[in-house]
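One chain comes next, on its own, written out as structure tokens in the form predicted alone.
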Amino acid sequence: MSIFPVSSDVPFKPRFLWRNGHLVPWNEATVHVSSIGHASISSVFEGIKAYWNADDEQLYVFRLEEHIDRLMESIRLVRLTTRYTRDEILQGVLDLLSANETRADVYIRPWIYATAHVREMMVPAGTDCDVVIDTWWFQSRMLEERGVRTIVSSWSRIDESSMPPRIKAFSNYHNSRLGVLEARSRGSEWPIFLDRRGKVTEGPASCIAMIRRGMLITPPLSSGILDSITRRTVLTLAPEILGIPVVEREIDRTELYLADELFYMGTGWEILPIIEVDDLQIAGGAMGPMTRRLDRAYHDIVRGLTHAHDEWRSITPRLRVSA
């Protein structure tokens, strides 16, 4: 199962990507093969989604400002620099979507990496960097009945004593990759990571939450998780939609087995129900009712089917509907 389900019926192929302040034809946006490798050690990125609303003929970019703010925080924490401001990168996203005449759901990835031929794996602080924004189509599974089987990984989640887990650095995701490989080798789909004290942290490229005893419970940011935009969204929606309190606290491994409902949450994953952990069924092995309601609310908000949280949606300029 892919995080970004893709069909052969691709509704568009990007004509451009954004690179260092310019729209560049897709096939011309190249770097020399010797430029990769060490340059990727410190590289950081963002994962953003935009959703097409066919009735409005508008493309809604979900929580764009928050994503770009987090990108700037990531750049700071890995001690890189960029010639481009937060607002220039934000506008670059909107300009790119307009230039590509995007009329489908699309994943957007702004990323920054050390320029030219980096021979030193340390990538010194202040190294000149390129900024690239690229896009690709994805197929959302929102509103579908779905669920995944998981294991608790033997790999511990990276923590603040090793490298900053709250940011989106490419190097952080090797931890997730090892967990996914282990899960697949053990006949499951995805892993759940614990910290070095045996407390629940998150999944691969996703945060985690459970419904238990009338509460939505999720590990705190201090547990070594990504500062997830989707997590912030769900923590806002749960009291509004479900009428239940949100509790941020440590979660023991065995609590996962006793959860009424359990799900991953992230830009790529959206809201993905977990129906099994270590061969133990959750919610009877099906998508739970609370998760289903959150999924519906999230769907309606990102697609602009409701005026709730209008402030979370940006509209691509050239696709605006005339008043």
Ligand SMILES: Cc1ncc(COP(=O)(O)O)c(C=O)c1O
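Nothing here was measured: the structure is a model prediction, and the numbers come from that model. One rule holds for the numbers: they count along the sequence shown, beginning at 1.
This next part talks about the form predicted together with the named molecule, which is not shown.
Heavy atoms of residue 265 reach within 4.5 Å of the named molecule in the model of the complex, making it an interface residue. In the model of the complex, the named molecule stays beyond 4.5 Å of every heavy atom belonging to residue 147. Within 4.5 Å of any heavy atom of the named molecule in the model of the complex lies no heavy atom of residue 153. A residue is said to contact a partner when one of its heavy atoms sits within 4.5 Å of a partner heavy atom; residue 132 fails this definition for the named molecule in the model of the complex, lying far away. With the partner omitted here, the residue from 219, 110, 204, 92 that has a non-hydrogen atom within 4.5 angstroms of the named molecule in the model of the complex is 204. Just one listed stretch, out of 242 to 250, 138 to 146, 227 to 235, 98 to 106, contacts the named molecule in the model of the complex at the 4.5 Å heavy atom level, and that stretch is 227 to 235. With contact defined as any non-hydrogen atom lying within 4.5 angstroms of the named molecule in the model of the complex, the contacting residues in 65 to 80 are 67, 70, given in sequence order.
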